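The chain below stands alone and is given in structure tokens; this is the form predicted alone.
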């Protein structure tokens, strides 16, 4: 089985037709489903949050079979993730995509679990501590994209689970949990 680093690639990754958008609707739907799952799984395990259509993304080329996805195929697979709510275009030109291997609600749930596990039911943390502090090491929150973190925190604020407070700079934005 072929790997990218320690990531095991699925069998279809070595099947040349899967690097060409399939013309038959049923086959294309299966192809798109497989690619969506692969992109989400790879991004989750590698902690990749942004995929650029024109950038060198490891899944878009298979040197072993000398195949690369066309721009049209890349856009089709990412657009399918967007339509499912598992990704969002970051620009009007649809060149960069924010990958949501967890939906915002799921990220919010992870934040609440993190707060409970660390005894922060009424505690305060900076936003940067949540994504890069000692407490978050070894969790999915560690190293997460700030855009996603802020959206999950705002979701929790809306539900009354925490309050976001602004500091003098982005470095000292904080969160007061009230779980």
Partner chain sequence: MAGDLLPAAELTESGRPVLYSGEVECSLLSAVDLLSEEVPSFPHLKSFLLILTTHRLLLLPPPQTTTDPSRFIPLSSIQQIFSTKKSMFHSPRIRFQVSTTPEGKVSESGRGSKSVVITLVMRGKTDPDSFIVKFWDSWRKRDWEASGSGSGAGSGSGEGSSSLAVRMPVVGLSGILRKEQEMWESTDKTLQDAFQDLNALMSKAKEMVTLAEKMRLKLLSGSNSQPTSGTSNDDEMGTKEEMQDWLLSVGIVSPVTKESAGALYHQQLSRQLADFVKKPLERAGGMINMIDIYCLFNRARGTELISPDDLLQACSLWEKFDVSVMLRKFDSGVMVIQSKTHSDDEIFGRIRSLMMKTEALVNGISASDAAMTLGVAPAMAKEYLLAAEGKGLVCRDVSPDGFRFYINFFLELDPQNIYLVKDHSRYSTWIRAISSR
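Numbering follows the first chain given and starts at 1. Note that the coordinates shown come from a computational prediction; the quantities given were computed from them, not determined experimentally.
Another form, the form predicted in complex with its partner chain, is not on view; read the next lines as being about it.
- Taking 154, 30, 137, 116 one by one, only a single residue has any non-hydrogen atom within 4.5 Å of its partner chain in the predicted bound form, and it is 30.
- Considering its partner chain in the predicted bound form, the lone stretch of 107-115, 146-154, 122-130, 30-38 in range is 30-38 [heavy atom distance within 4.5 Å].
- Contact annotation: residue 8 falls within 4.5 Å of its partner chain in the predicted bound form, judged by heavy atom distances.
- Mapping the unseen interface onto this chain, residue 165 falls outside it, with no heavy atom inside 4.5 Å of its partner chain in the predicted bound form.
- Interface residue remark: residue 56 is not counted as part of the site for its partner chain in the predicted bound form, having no heavy atom within 4.5 Å.
- At least one heavy atom of residue 16 is located within 4.5 Å of its partner chain in the predicted bound form.
- In the predicted bound form, not one residue of 77-101 has a heavy atom within 4.5 Å of its partner chain.
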